[in-house]
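Given as structure tokens, the chain that follows is alone and in the form predicted alone.
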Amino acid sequence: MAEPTINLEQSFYEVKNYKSPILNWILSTDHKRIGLLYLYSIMTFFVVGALLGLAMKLELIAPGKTIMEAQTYNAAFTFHGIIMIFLIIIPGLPAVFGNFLLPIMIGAKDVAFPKLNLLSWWIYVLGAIVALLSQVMGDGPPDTGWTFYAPYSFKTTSTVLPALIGAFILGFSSILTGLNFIVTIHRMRAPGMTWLKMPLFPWTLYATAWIQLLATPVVGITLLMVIAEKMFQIGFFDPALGGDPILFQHLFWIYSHPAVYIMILPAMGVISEVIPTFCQKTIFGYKAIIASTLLIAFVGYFVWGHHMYTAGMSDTALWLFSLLTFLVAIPSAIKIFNWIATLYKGSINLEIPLYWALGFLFLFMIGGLTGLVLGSVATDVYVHDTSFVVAHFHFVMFGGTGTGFFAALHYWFPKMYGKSYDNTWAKVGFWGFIIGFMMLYMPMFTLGMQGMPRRYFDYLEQFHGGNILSSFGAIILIASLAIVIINLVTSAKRGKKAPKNPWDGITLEWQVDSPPTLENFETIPVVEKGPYDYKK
């Protein structure tokens, strides 16, 4: 493929100074400011979503009603899922760290379409506002769960339409971001930066961007069909009108399982940056990691049926989806082995970002191994729709994507703000997180195998012990996250000045100022060696 052509004199910004500092931020086309706008938005929603999760666990601390009614619990469960999935985990790593760092890591002055980039943030905010309006409009908050399963989603009297419309709008933000990243990576790489000299985080953003571009329209169309069903009784999914509710499940999971890789692939890219830096060595199997990344993105389109083993599919479909589910585990295992091989005999510098990266390895492997239980038809039948599924889901999404997000935040924090954070409090927050996380979710595996259903407001006395332990774990987890966030916020304001390259990193972002200047580079760099072409 021909090298990208770049006009070295090109200026990417129409720099405008408004009297209001707020306008200077929310109307800026600087990719770094847009990344920070996403960060502040996402962290705000994260606090709300985490507190809702804590409220649900406090309700489940004992049988019977404790702090809320059943309908309130259903609404909290739905709102928690919408916030965490659509507003945080799906956009999180690409929108924040992709926007801030992708152009710098490939030697560009900005993304390919700066104004479109700003529009994607505005669309994200609009979608969030519309979704949040569902909590205060009409006949009460939606109570369908974040999956909006038919036929309940169009039969319920709760205010589900704004939530559906908000999720539909958020899809456009995801599509625009993916399109921008694809064009940026194809056309804006610095001279000499061939595909096999590109850092691994941009590679995972590239694979993720294709999923965003190709899979997101499917869920957008599906949500429109539910909206049409609710408003006009068309009969797509309503059995009374000749529709098929199983069709909704197929359409929803055709998007939502690739969406799992929108969530986890960038986190894997972060880990692929952090581990070599703090081992002071080249990553093991650079090309294998790239191949496994692209393979995950491709095979991930064909495994959605493992969410539907109990929905009534044919035996042939069941074993085929099970086989594909086991196959998609292979490229994930390749990454795990490559990371462990990189750690082997490395000159390990045990700093906070590496703590989070190792936490990712530990928690994600538990999530992956328990996923094999759900991938097998024979065992999934017994634990389907139980607390086992909730525990697995959170080990992958929160234990994987969440720890990847915090690894990225601690790794690139000195670059983004030019400040250092307090290491002591950062360690306290990390270890509290791990302890709270394990206390919260590990008992749920046992509860699920004992038969406790998920999404239930109440439970039998036999499940009491596990739920007490899980609820106390939630308290520890939330307290630890508060420590982590407060430490970073205070450090951004009053932290000590950080050196330009505090971790001795070798990728391009560590060669520019902290925080980076407006156009990142005075002159576009010429890349002679990729970051994985040599040992330190």
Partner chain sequence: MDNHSKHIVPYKTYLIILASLIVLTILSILITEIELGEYSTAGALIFASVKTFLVLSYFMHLKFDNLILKIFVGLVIAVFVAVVVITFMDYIHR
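Numbering follows the first chain given and starts at 1. Only a predicted model underlies this, so the values are computations on that prediction, with no experimental measurement involved.
There is another form of this protein, the form predicted in complex with the partner chain, and it is not shown here; the text below is about that form.
Interface residue remark: residue 157 is not counted as part of the site for the partner chain in the predicted complex, having no heavy atom within 4.5 Å. The partner chain in the predicted complex is approached by residue 320, whose closest heavy atom lies within 4.5 angstroms of it. In the predicted complex, the partner chain sits within 4.5 Å of a heavy atom belonging to residue 313. The closest non-hydrogen atom of residue 378 lies beyond 4.5 Å of the partner chain in the predicted complex. Residues of just one listed stretch (425-433, 242-250, 329-337, 118-126) have heavy atoms within 4.5 Å of the partner chain in the predicted complex: 242-250. Checked against the partner chain in the predicted complex, the candidates 417, 362, 286, 210 yield a single residue with a heavy atom inside 4.5 Å, and that residue is 210. Only one of 459, 302, 146, 309 lies close to the partner chain in the predicted complex, with a heavy atom inside 4.5 Å, and it is 302. For the three marked residues, 187, 254 and 298, a heavy atom of each sits within 4.5 Å of the partner chain in the predicted complex. Interface residues of 196-221, taken as those with a heavy atom within 4.5 Å of the partner chain in the predicted complex (partner not displayed): 206, 210, 214, in sequence order.
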